[in-house]
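Heads up, the chain below is alone and in the form predicted on its own; it's given as structure tokens.
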């Protein structure tokens, strides 16, 4: 029995290597996507986004606020425009991604204690750039306004310490937990890595099993052990080694991570067998999984909180292993969660494994049942 099982293990490994589609997906694609997908995001945050400035005041303070905007890491004053039409033309040509307008009498109003508004225009359809633009302008305007107000108070005889307390009675110190740089890569890549594992494993199983007659129980068990074992190794590369290489924050216990990863991989493998039974062709399986890929990212709750999703959609998404595995693995790896914090996810993955295994057996039984 043991010798026969060992032979089935060797046969499963040979099948992966012999099948070009499975080999390129389960070996090549996993490595390729895991290594090259992060490259565009490794700078973590937006830097030196070009903006255009319309200085209608031409005063010392208007130049000072422009200097402070330019000093921000996120933006850079790239062009000066004479009026809004010329600035708008630069914006539509994508030579700049934002416009700042300093109005006439800016310095006069600011020194007189009157409101001195600044106008900013940015691409609201590009959420990240819009946020960066708003933040840079707000910080520059707030710091300059505070200095002017402190100077006015000290000139009237108020002590410097008291003047600073009047201008800023409450000081807020923001500490971004689990993402010290506030970077985009640290936010999105841990979730994407889990989805890469899931999608390439499903595609590999689809290449190997779609349209083929189901093997015996011993062969199926050997296939499962090989797939889970192979992807357990990939999980170490993708979830431990690559975050270290890319300097992404990771503070979790590896043992706790694998306590989630192993049931997750069993659930994905069982889902792969079920999909391969339901869709009779390789092409059909690949098409189904490619179409499913992007929705799974959104349903995982990374880009948009699950609490804000329609309840029915969220319930249906629980049938996909990554929906619960992604947030659990993020909590473990990036937030240091313990086993008690993810035990519900582990139980869900075990349940999905059993459910998809039963579905695959049911499909096999229906197909094997002789027609009446």
Partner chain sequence: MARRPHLKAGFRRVFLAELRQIGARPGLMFMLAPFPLLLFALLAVVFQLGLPRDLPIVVVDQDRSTLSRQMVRVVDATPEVMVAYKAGTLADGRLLLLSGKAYAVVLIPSRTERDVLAGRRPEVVLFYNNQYMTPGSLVARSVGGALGTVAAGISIEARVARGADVESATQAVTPIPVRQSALFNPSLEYVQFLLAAVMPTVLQIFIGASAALSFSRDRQGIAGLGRSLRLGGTLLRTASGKFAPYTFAYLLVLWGADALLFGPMGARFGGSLAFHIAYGLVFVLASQMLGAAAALLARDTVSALAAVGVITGPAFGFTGITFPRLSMNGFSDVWANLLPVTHYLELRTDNILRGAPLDISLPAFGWLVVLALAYGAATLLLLWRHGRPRPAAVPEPAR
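Residue numbers count along the first chain shown, from 1. Predicted model only: the values in this text are computed from it and were never measured.
Below, we turn to the form predicted together with its partner chain, even though it does not appear here.
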Item checked: 4.5 angstroms heavy atom contact with its partner chain in the predicted complex for residue 207 -> yes
Next item on the list: Would you please decide whether residue 186 lies within 4.5 angstroms of its partner chain in the predicted complex, comparing each non-hydrogen atom pair?
Entry: yes
Notebook entry, point to check: Counting only non-hydrogen atoms and a 4.5 angstroms cut-off, does residue 63 reach its partner chain in the predicted complex?
Noted result: no
Next item on the list: Please check if residue 80 has a heavy atom lying within 4.5 Å of any heavy atom of its partner chain in the predicted complex.
Entry: no
Next item on the list: Tell me the stretch among 208 to 216, 230 to 238, 102 to 110, 262 to 270 that has any heavy atom within 4.5 angstroms of its partner chain in the predicted complex.
Entry: 102 to 110
Notebook entry, point to check: Only one of 27, 54, 330, 346 has a non-hydrogen atom within 4.5 angstroms of its partner chain in the predicted complex; which is it?
Noted result: 330
Checklist line | Position in contact with its partner chain when the complex is considered in the predicted complex, options 245, 166, 71, 278, heavy atoms within 4.5 Å | finding: 166
Item checked: Residues in 102 to 131 with any heavy atom within 4.5 Å of its partner chain in the predicted complex -> 106, 110, 113, 114, 115, 116, 117, 118, 119, 120, 121, 122, 123, 124, 125, 126, 127, 128, 129, 130, 131
